[in-house]
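Given next, in structure tokens, is a single chain: the form predicted alone.
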Amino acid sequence: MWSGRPGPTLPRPTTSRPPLTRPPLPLRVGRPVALLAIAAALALPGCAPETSRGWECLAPANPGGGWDRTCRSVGRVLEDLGLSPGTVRTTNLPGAGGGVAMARAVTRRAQDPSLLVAASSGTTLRLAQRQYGRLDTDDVRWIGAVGAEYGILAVSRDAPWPDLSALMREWAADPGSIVASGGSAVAGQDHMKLLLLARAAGMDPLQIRYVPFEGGGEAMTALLGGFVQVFSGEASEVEGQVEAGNLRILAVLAPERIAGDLAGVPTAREMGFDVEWVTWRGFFVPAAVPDSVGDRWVAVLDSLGRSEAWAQERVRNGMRPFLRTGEEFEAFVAAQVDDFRAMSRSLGLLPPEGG
């Protein structure tokens, strides 16, 4: 669900510390700290299914980001429709760009019929880059996607760039002068949006300075606090701050302008950068759960996705229609992982095939 043509170059990931000298070249399965976190989760012994407190949605990031909002919004509608046995609680488990949550699901919660884990195109991207250690797509059962949203680039209200073209001109002229934040890990989807834009602008993508956070809420706070100059995320993450006059969206990474409050925001393509990024929002469960449990989750998400209640909630959360469940969704995930792997190789983030 991404699109980008070869082109420009960009700056590197950083915080107030010195910039990262080139994002992992090749990106060997997540940085050491991330791998240690995943390994620790994988080493934990199994435990009995936690079913006594109703269903639980595991959000692999801190509150305020897309995974967190996906869990909470879906949980509300499941309760309202009577599709859940009671309250659907959200648990935030950040770490390794979603890797800690996946590891927890396939080890300690491997046979838990009450567990649903939020996922997105960021999940499949990390799997494509082998950022989750020995975890792979086959370790979970992909249940479905219930919505999608488009990527955006935002700046503070008093930022000096009137549009995306002005930003990219200055960035290309002095890559080290601008720092961006996002709610995904290095080489995750928020970072990848910047790399594709950089390439489309004729820059070296690996010069982009990028600060990763465990969720879009923290990344946006960094922008509002003046610690970074650009925020890479999704439209729904910034709409409240845009309405409050605190942020400006320079471009939406969609094939055409999106309806609603952001209808006046141009696409990157309109500004001369042929880049799109669509983020689906969905779920997986541990592969070890019985088929009957997996089939139940597919039926539940399919019912939710076709309901009017979800259509209204989806719009409130800035998501577009995107319903894929069961085998159709599993095939979609497999194809996207292959596409993302090829894209990562083209950007120099993975070694050549067979290398």
Partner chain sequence: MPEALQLLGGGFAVALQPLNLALVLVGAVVGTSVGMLPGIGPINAIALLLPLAFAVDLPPESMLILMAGIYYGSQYGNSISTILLNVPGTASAVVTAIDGHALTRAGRAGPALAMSAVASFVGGTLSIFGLVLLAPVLSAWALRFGPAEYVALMVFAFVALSSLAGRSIPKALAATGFGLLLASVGLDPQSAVPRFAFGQLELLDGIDFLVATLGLFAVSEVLTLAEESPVGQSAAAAWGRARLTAAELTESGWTMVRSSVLGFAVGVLPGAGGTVASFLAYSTEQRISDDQGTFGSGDLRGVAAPEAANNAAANGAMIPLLTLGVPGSGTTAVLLGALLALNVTPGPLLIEQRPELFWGLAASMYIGNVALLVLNLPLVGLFVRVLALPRWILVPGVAALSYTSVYAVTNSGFDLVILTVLGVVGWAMRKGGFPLAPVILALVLGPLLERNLRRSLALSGGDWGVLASSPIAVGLWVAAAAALALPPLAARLRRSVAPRAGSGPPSP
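Numbering follows the first chain given and starts at 1. Not measured: the values here are computed from a predicted model.
One more form of this protein exists, namely the form predicted together with the partner chain; it is left out here, but the text below deals with it.
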Determine which one of 163 to 171, 243 to 251, 272 to 280, 115 to 123 lies within 4.5 Å of the partner chain in the predicted bound form, judging by heavy atom distances; exactly one does. 243 to 251
Report whether the minimum heavy atom distance between residue 92 and the partner chain in the predicted bound form is within 4.5 Å. yes
Taking the partner chain as it sits in the predicted bound form, is residue 157 near enough to touch it, meaning that at least one heavy atom pair lies within 4.5 angstroms? no
Could you confirm whether residue 233 comes within 4.5 Å of the partner chain in the predicted bound form, counting heavy atoms only? no
Although the partner chain is absent from this view, report whether residue 69 comes within 4.5 Å of it in the predicted bound form, heavy atoms only. yes
Let me know which residues along 90 to 120 have a heavy atom within 4.5 Å of the partner chain in the predicted bound form, or say none if there are none. 91, 92, 93, 94, 95, 96, 97, 99, 100, 103, 104
